[in-house]
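The chain below stands alone, shown as structure tokens; this is the form predicted alone.
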Amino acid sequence: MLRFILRRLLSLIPVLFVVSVVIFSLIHLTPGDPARRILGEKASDEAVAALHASMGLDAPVVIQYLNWVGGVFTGNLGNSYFLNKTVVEAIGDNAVPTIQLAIIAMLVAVLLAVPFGTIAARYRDGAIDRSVTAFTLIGMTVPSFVLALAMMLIFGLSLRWLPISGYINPFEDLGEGLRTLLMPGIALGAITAALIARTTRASVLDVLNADYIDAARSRGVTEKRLLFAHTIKNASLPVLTIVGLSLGSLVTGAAVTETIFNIPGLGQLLINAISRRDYPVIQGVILFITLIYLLTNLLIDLLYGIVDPRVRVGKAR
């Protein structure tokens, strides 16, 4: 197992290298100049050139990239051009709201989708199955920003149950913090819930149609025991895969939701950095999100062996 983990961690290096090259290339190929952004469009060419030199932007692009990568290996992602702080500090300040939002969105998705997907499979072609299928289709087709705006109108402005914007850290005020994150979490997790529900339904149906389930049923095993003792666990691997992939997507896809609900997370930090041409912050945030995505998938691979002992990831060739 340890060898497998080390091998997977080493395999992250070429992926992160390719991502770093792509990020750096795209940023420097995109029109826009952070020095002009800072000094204004009417600044003289001499002033802009002097600022370029102080920021290291007058060096060849390859040299700039090597300097940045060298800093990454020492934990130094550079300094923000506009925030008066390091990129590591900026990521640290904004990562907490995004991770909290992603966790709440995933909890909402799993707690709703897995039970309803299982029930839909158990009572296939019944009223519950048709209702769950209809809701999953709606959940997968309605964009998260449309759902967010609709929820703001209904639960924020009309009923006044939840705040329509702002963020309070749940570690400082648990009740108010959860109130500020609940509606964004539901809006962000709706598509994920629909996807998990459909996967759960399909996976449970496959197991229920297996021969060993028919054999167990013929021996008089009750339907309740068949479902909870023999079906759900064996159907959990595909669901676990979707949960892992979706958790990474929730972190990377939170930008729109954070902007709508004015949550100071990584998505909002990244959007502001792009609009300002804050190169170090853009590079650092995308690299950090990529690392979270890769580590999440590694964690899911390790969980396979726990959920299903037949999957021996540590002994895979």
Partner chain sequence: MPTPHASTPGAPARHSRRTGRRVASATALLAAGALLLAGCASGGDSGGGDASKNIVNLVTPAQPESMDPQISTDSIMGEIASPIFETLVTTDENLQVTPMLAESFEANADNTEYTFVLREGVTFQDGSEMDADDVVASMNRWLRVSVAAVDAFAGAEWTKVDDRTVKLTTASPSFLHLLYLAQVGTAFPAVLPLEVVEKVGDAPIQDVEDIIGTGPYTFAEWEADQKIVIEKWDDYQSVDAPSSGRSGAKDAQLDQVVFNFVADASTRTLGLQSGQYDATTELPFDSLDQFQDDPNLVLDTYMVGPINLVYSDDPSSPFSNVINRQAINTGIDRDPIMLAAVGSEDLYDLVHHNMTLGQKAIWDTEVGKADFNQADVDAAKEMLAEGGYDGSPVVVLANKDYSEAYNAAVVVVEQLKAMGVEATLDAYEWGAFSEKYRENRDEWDLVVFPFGTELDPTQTIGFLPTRAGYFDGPELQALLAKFRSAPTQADASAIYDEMQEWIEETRPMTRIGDAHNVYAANKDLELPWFEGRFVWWNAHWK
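Here, rigid core means the biggest group of C-alpha atoms that superpose within 1.5 Å across both forms. Residue numbers count along the first chain shown, from 1. The structure presented is a predicted model; accordingly, all values stated were derived computationally and were not measured.
The form predicted together with the partner chain is left out here; the points below concern that form.
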Students should find that, of Ile38, Val69, Ile292, Leu57, the residue having a non-hydrogen atom no more than 4.5 angstroms from the partner chain in the predicted complex is Ile38
Interface residue in the predicted complex among Ala215, Val146, Leu137, Leu157, criterion: non-hydrogen atom within 4.5 angstroms of the partner chain: Leu157
The stretch from 195-203, 118-126, 69-77, 233-241 that lies within 4.5 Å of the partner chain in the predicted complex, judged by heavy atoms, is 118-126
Give a yes/no on whether Phe171 approaches the partner chain to within 4.5 Å in the predicted complex, heavy atoms considered. no
Could you tell me if Leu51 has a non-hydrogen atom within 4.5 Å of the partner chain in the predicted complex? yes
Glu89 near the partner chain in the predicted complex, any heavy atom under 4.5 Å? no
Just checking whether Ser249 would be counted as a contact of the partner chain in the predicted complex - the rule being heavy atoms within 4.5 angstroms. no
Taking the partner chain in the predicted complex, which residues along 262-278 bring a heavy atom to within 4.5 Å of it? Asn262, Ile263, Pro264, Gln268, Asn272, Ser275, Arg276, Arg277
Comparing between this form and the one not shown on the rigid core: C-alpha of Ile38 shifted by 2 Å or more? yes
